[in-house]
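To begin, one chain is listed below as C-alpha cells, in the form predicted alone.
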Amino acid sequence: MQKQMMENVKNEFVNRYGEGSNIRAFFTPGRVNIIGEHIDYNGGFVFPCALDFGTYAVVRKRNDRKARFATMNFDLEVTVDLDNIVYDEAHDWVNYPKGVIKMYEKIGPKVPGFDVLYYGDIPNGSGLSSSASLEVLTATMINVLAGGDIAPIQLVQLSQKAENEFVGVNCGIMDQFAVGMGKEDHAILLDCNTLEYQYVPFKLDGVKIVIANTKMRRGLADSKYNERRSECEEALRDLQDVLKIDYLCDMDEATFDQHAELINNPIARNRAQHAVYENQRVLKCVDALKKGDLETVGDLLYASHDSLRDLYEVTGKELDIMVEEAKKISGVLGSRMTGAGFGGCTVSLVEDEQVDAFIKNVGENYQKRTNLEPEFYVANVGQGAYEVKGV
C-alpha cells in the first residue's frame, strides 16, 4: 500500500512539474506515545513508536535557488527564494519546511533549489505528529539533495529547533525523535532531557495498535499544559527542602509515598504522584515487553489513563468515554489517552480478530454518547525517516 501511495504522489508530481530525470522519493512516519504522558518535563521517560503511515515527498532539484512547495492535502502552493527565507503567515504549512531549511543551512551546506510535492495520511490535528513528520521528512530530503552528511539525530534536533524558533511552537523533542529515529517492530525508551535512548522490541504478533480520534479538538491543552507544569514545579520545590532531586521522576513510588506530605498543595501533590507513578509504569512496560507480556502492558495503559484522568486531570469527557467503551470489548488488552489531552486520540492494543468489532462497537457507542463521529486508524510499528528507492 505504501509503494502504491508513493507511485500516486510521483504521478501527481509529474502532472504538476513535468517529466524529467532525477526524481527522488522520501517517507517519514507519524508516531504515537505508547505510555509516559506529561512526564518528559518532569525528568521522566517517554515511550513512543513510529507508525506505518506518515508523510510522503517526491522531489527534484532545480538549477536555481527557488523552492516550489505543494501538497496533495491542501490547495496552497508556495514558491520560496532560498536566499530570503522568512516566516510568512500566508504561507501556512510551508513555514515548517522553510524553518527546517533555515536551520539546516546554519550547520550544513547550502540547499539547492527544488520542486517538491508532499502528501500526508496522518490526520491533521489528531496528535500523531503530522508537523514533526513534515519537518523531519524535509530535513532528510534536503540533506540528500545538498550532499550533506548531517547525522539523523542532528536532523531531528534541527527540526525541533525550526518548530520552536521559526514557527514559534514550543514543542519538546519526542515527536521529531520518534519519527526520525523510529525502528520497525521497536519502541524507543527516550529521556528527552539527555536524549539517551534504547530500542525495545515491540513486536505485536496477533495484536494491532488501534488509534481512535475523538474528533474533539484539543482547545484546552495549551493553557492546561502551562498550568500543570507550574503545579509540578511547585511540588518539586516543596520536596527539595528535604530531598536532593532535580526532577520529580528522580523518585520511585516508595520515596514519593514517604515524602508526599511535604507537598503543601493537595492539587500539586496529585500532579507529582502522577509523574512519579507514570514514570515507573513506563519502566514496568519496558520490562513486560522484554518478556513478551502484552497483558501487563495493557493493564499499564489502563492505569496510565486512570492517573491522567484522576490525578493529572487532562483527559476530558470524550477521551474518558472512548476508553470506557474500549474496556467493554473482548480482545482489548489496554487503552488510554495519548498526547496532550482534552481531545485528540486514544491508543489501544487490540487482538487482530477483534479489530473490526472494536471499530464498529466503540465507534457507534462513542457517537451515541458524544454526538461526535470518531475516526480509527489501525497501525503497525513502522520505520523512521528514509529515502524510498525504486520509485
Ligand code: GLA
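Here the rigid core means the biggest group of C-alpha atoms that line up within 1.5 Å when the two forms are laid on top of each other. The shown structure was predicted, so the numbers you read here are calculated from the model rather than taken from an experiment. In this text, residue numbers run from 1 along the sequence as written.
One more form of this protein, predicted in complex with the named molecule, exists but is not displayed; see below.
Shown alone here, residue 37 lies within 4.5 Å of the named molecule in the model of the complex, counting heavy atoms only. The named molecule is not shown here, but in the model of the complex it comes within 4.5 Å of a heavy atom of residue 339. When contacts are judged by a 4.5 Å heavy atom cut-off, residue 263 does not count as touching the named molecule in the model of the complex. Taking non-hydrogen atoms only, residue 173 approaches the named molecule to within 4.5 angstroms in the model of the complex. Residue in contact with the named molecule in the model of the complex (any heavy atom within 4.5 Å), chosen from 247, 119, 225, 197: 225.
The chain is drawn here without the named molecule; in the model of the complex, the stretch among 239 to 247, 145 to 153, 206 to 214, 165 to 173 whose residues come within 4.5 Å of it by any heavy atom is 165 to 173. Residues of 182 to 214 placing a heavy atom within 4.5 Å of the named molecule in the model of the complex: none. Relative to the superposed core, residue 44 shifts its CA atom by 2 Å or more between this form and the one not shown. A movement of the C-alpha atom of residue 278 reaching 2 angstroms or beyond is seen between this form and the one not shown when the two forms are aligned on their rigid core.
Residue displacement note: residue 312 has its CA displaced by at least 2 Å between this form and the one not shown (rigid core superposed).
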